[in-house]
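Here we start with a single chain on its own, the form predicted on its own, put down as structure tokens.
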């Protein structure tokens, strides 16, 4: 087998595999490198995916889904809850199956996939790979970095990928079995007792199991995410069995640059993550597809539209959510409760087809002088 490829993609998560199957369809030679022995493992994700964010890019197959969702139950800092009926909101995926399926789609189009293959450096037009403890070199004409939040590819290509404390949400999650839950609704919980600067979640995986986790901002607390998670689990799920533990971070900032003369970044590597709720699967797939088709244009010597497409399809929403997060980090539990009550007034008892975040922010901003002062800049 030749060690020369038109396109090399580093990272076989949703972004990397989506880029691979998109490019390989155009008779481009593609190599997809994955550092782990098995694609989809380990899972570092809550596995939620909304229908509206993915509908124009990928058809979600039933076998990829752990749970169809009918809505969400929202809990405020004082413990009060309300239910949002939102039948078209989305799914909880099985990322082990989902990720492997996307990689198989890429393979079916002719992509060469190598697992246990960790990229350790890039020199000129070669990726140096530790492949099952043996060093190998693969030449490329174009490169896509889909290697997650740390993104060595970004660093190797001269991009500053460092994250400050304010630029990250630290997450901890357990998969817990043998618990009583409403298995077709997510639970979203706000308040500093549960998750300072972030939120906590219950994402059902079956009738009696769920991903239970939270994300916190290091600028709002010196305590670790696991401290808050363990405290919560002990209080509400002491009889459950923890079968998996997952820890990681979600980027909450944007890179100044995510492309270059012979490369693109996609997914978490490019910081294409919703900084407000941590959602990244849809943007990973979308940015991967956009990167794949524009890499083909570059390889064929044509003008590409990568940055323009990313700006339209991904960055506009992310930038708005960054502004919301800035305001969110300034709030106290008293103000979280105000927001909770507004949300309850707007959504409780109604069948929702779509959540207009701009409309919701407008309702919140004009509800009180304090929230108006904090949030006016989000709208104008």
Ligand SMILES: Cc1cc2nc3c(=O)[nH]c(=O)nc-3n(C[C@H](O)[C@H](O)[C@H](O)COP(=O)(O)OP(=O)(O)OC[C@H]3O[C@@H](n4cnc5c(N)ncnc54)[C@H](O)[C@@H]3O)c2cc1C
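Here the structure is a predicted model, which is why all the values come from computation and not from measurement. Residue numbers count along the first chain shown, from 1.
Not on display, but discussed next: the form predicted in complex with the ligand.
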Considering the ligand in the predicted complex, find the one stretch among 112-120, 77-85, 226-234, 292-300 with heavy atoms no farther than 4.5 Å from it. 112-120
Checked 44, 60, 346, 355 for heavy atoms within 4.5 Å of the ligand in the predicted complex; positive is 44
Under a 4.5 angstroms heavy atom criterion, identify the one residue in 188, 250, 276, 175 near the ligand in the predicted complex. 250
Closest heavy atom of residue 33 to the ligand in the predicted complex, within 4.5 Å or not? yes
Look up in the predicted complex whether residue 95 has a non-hydrogen atom within 4.5 angstroms of the ligand, and give yes or no. yes
Does the ligand come within 4.5 Å of any heavy atom of residue 146 in the predicted complex? yes
Given that the partner is absent here, does residue 258 sit within 4.5 Å of the ligand in the predicted complex, heavy atoms only? no
